[in-house]
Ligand SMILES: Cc1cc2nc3c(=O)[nH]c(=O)nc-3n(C[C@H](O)[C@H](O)[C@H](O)COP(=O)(O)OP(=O)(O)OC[C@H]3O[C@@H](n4cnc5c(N)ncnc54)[C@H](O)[C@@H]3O)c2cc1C
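Take a look at this single chain in structure tokens; it is the form predicted alone.
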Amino acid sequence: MPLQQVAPVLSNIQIAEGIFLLTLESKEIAQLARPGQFVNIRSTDGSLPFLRRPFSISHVHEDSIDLMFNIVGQGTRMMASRRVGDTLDVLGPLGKPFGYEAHFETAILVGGGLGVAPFPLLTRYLKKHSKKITTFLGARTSRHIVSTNLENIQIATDDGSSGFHGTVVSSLESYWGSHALPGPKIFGCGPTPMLRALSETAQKLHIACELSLEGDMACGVGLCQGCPVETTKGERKYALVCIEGPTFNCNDIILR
């Protein structure tokens, strides 16, 4: 069962252009959290914005959790203004973790923009399970790249200011053609168009692939039905990202 806590802010710093790392004190959530899970946060004590916002658990420490975010609206603007000692109402950990214990040798982490957020914690667990790791990061420019606590990083930028000039999926395809990655499994996170392209690449190359999806998760526990994703299997046409995800086998979903 997820926990609901009023968590004190331990730090809130800008780590790249427009990207913030918020650390909240919560020993209980830190102990329960697994890679790929998220928390749902009320960004204000007032009535607006009314709905909670979902954030991937980026990393955990003994008694705290890290959340990575950028400013996209009123709620995240309020979060960016939080100072040490302020508090936030947090619900979590929520969702289904990545399948980091599955039978594979090499983890291929592919993050587009803020899709890097769940990868520091995933990297820690992959190393615990003796998996090889290659990480592909994509962003608009070098100023938007966040690579802390990651392994064997390949960078792609839209403007060519760092690394591969192009998309992160194109970077992976280029790398794949000249490097041996035994027993691979892809873990992807980022905007839907990127995940759709990554899914197509994984299926073309016959690589197992798990995607972490975005969604409008107002409640985070399946009550509001606000985060459906179309499925390819079973009697139900849709699954809920908040409780049946956010991680899915790419073969089990249809990204529009």
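None of these values were measured; they are calculated from a predicted model. Residue positions are given as counts along the sequence shown, with the first one as 1.
The same protein also exists as the form predicted in complex with the named molecule; that form is not shown, yet it is the one meant from here on.
- In the predicted bound form, the named molecule sits within 4.5 Å of a heavy atom belonging to G73.
- Residue contact check for L213: one or more of its heavy atoms lie within 4.5 Å of the named molecule in the predicted bound form.
- Contact check for F38: a heavy atom falls within 4.5 Å of the named molecule in the predicted bound form.
- Interface membership of I29, defined by any non-hydrogen atom within 4.5 Å of the named molecule in the predicted bound form, is ruled out.
- Stretch-level contact check against the named molecule in the predicted bound form with heavy atoms at 4.5 Å: of 180-188, 122-130, 75-83, 98-106, the positive one is 75-83.
- Only one of L172, A156, L114, L88 comes within 4.5 Å of the named molecule in the predicted bound form through a heavy atom, and that residue is L114.
- The contact residue chosen from V229, M194, C209, M217 relative to the named molecule in the predicted bound form is M217, the criterion being a non-hydrogen atom within 4.5 angstroms.
- If you take 83-101 and check each residue for a heavy atom within 4.5 Å of the named molecule in the predicted bound form, you get nothing at all.
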